[in-house]
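Only one chain is given next, in structure tokens, and it is the form predicted on its own.
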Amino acid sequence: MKGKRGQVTIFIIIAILIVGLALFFFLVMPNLNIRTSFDEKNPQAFIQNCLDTKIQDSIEIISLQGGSVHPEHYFEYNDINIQYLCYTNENYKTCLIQKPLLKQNIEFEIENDIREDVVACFNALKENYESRNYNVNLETGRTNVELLPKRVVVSFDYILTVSKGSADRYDSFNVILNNNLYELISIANSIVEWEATVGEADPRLYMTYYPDLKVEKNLRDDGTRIYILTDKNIGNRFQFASRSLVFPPGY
């Protein structure tokens, strides 16, 4: 009996060690990795690494949903709620543009979507300095998102002052992503103008002028058109819905 009890005790100890190691790797190791990769002289790199993936994910979601994180007026297509950028519920009439300031609206959507992550990343930056015995003062500010040709620039009006002997001040933080959302939105705006004026656009026209661009137009039963703009080289996509100049069945 003593031998069996001893074996049971050993198994219990091994199980406890396994659980302890699992908790260490899942809870402790990520923090260790952040701290070891943290460069005291380069807080900008920390913010870039902390927010890069979140901003990319936000851009992708917004691009697939017609420019909105949570579309209010949308058409469900392939299990995705796609925002109407031009719409009328009447037959025989051209649509009304729903987002006349599409670029500015998308900039706001990205800014709003990443707000909590921005706060979390700057707090993590502060904690990294404090863990190394720095005196830290962090002044929070606005987050500004700009869609520019071939890139997305997110800048932060934050001021970080750290001191340990001497003081250092950092007041220039930004994340720059290589992304052609600016170009895709420009083309989307052009298509929307066609929808609002003549009823629909011809994808072949755009693909002739932009050889690296694929434009798809999918007609749905209720007259809605789903436009899908895809960059053939890098795969970036922007899609949106429109309902314009619809004729009733049998016309």
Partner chain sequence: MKKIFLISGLILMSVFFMTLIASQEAMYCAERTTYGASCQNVPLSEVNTNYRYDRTSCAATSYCSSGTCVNTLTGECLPSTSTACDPEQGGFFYSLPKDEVAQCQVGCCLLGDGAALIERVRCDTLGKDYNVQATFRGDIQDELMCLALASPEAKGACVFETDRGRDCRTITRGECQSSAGEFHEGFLCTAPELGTICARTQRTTCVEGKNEVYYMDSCGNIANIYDANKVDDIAYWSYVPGVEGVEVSVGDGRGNRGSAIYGYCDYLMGSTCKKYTRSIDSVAPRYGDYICRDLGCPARDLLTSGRYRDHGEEWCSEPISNFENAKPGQLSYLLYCYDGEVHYELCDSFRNKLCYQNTTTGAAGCIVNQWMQCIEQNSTKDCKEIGDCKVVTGANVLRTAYGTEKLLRDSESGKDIIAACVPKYTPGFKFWDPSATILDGSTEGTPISICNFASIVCFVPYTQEVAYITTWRAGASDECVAACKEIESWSSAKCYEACTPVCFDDTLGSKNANATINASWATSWQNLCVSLGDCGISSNYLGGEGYNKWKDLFLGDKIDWTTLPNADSKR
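Just so it is clear, the model here is predicted, and its values are computed rather than measured. Positions refer to the first chain, counted from 1.
Another form exists, predicted in complex with the partner chain; not displayed. Remarks below refer to it.
> Does at least one non-hydrogen atom of F156 fall within 4.5 angstroms of the partner chain in the predicted complex?
Taking the distances in the predicted complex, the answer for F156 is no, it never comes within 4.5 Å of the partner chain.
> If we define contact as a non-hydrogen atom of the residue within 4.5 angstroms of the partner, is T88 a contact of the partner chain in the predicted complex?
The answer is yes: T88 has a heavy atom within 4.5 Å of the partner chain.
> How about S186: is it within 4.5 Å of the partner chain in the predicted complex, going by heavy atoms?
Taking the distances in the predicted complex, the answer for S186 is yes, it comes within 4.5 Å of the partner chain.
> Please determine whether A45 contacts the partner chain in the predicted complex, using a 4.5 Å cut-off between heavy atoms.
No, A45 sits far enough from the partner chain in the predicted complex that none of its heavy atoms falls within 4.5 Å.
> I62, I55, I226, A196: which sits within 4.5 Å of the partner chain in the predicted complex by any heavy atom?
Contact residue from the list: A196.
> Could you tell me which one of N105, N174, S163, T140 places a heavy atom within 4.5 Å of the partner chain in the predicted complex?
So the residue touching the partner chain in the predicted complex, by this definition, is N105.
> Based on heavy atom distances of at most 4.5 Å to the partner chain in the predicted complex, which listed stretch, 166 to 174, 111 to 119, 129 to 137, 88 to 96, is the contact stretch?
Single hit among the candidates: 88 to 96.
> Would you mind checking 128 to 151 for residues with a heavy atom within 4.5 Å of the partner chain in the predicted complex?
Contacting residues: L148, P149, K150.
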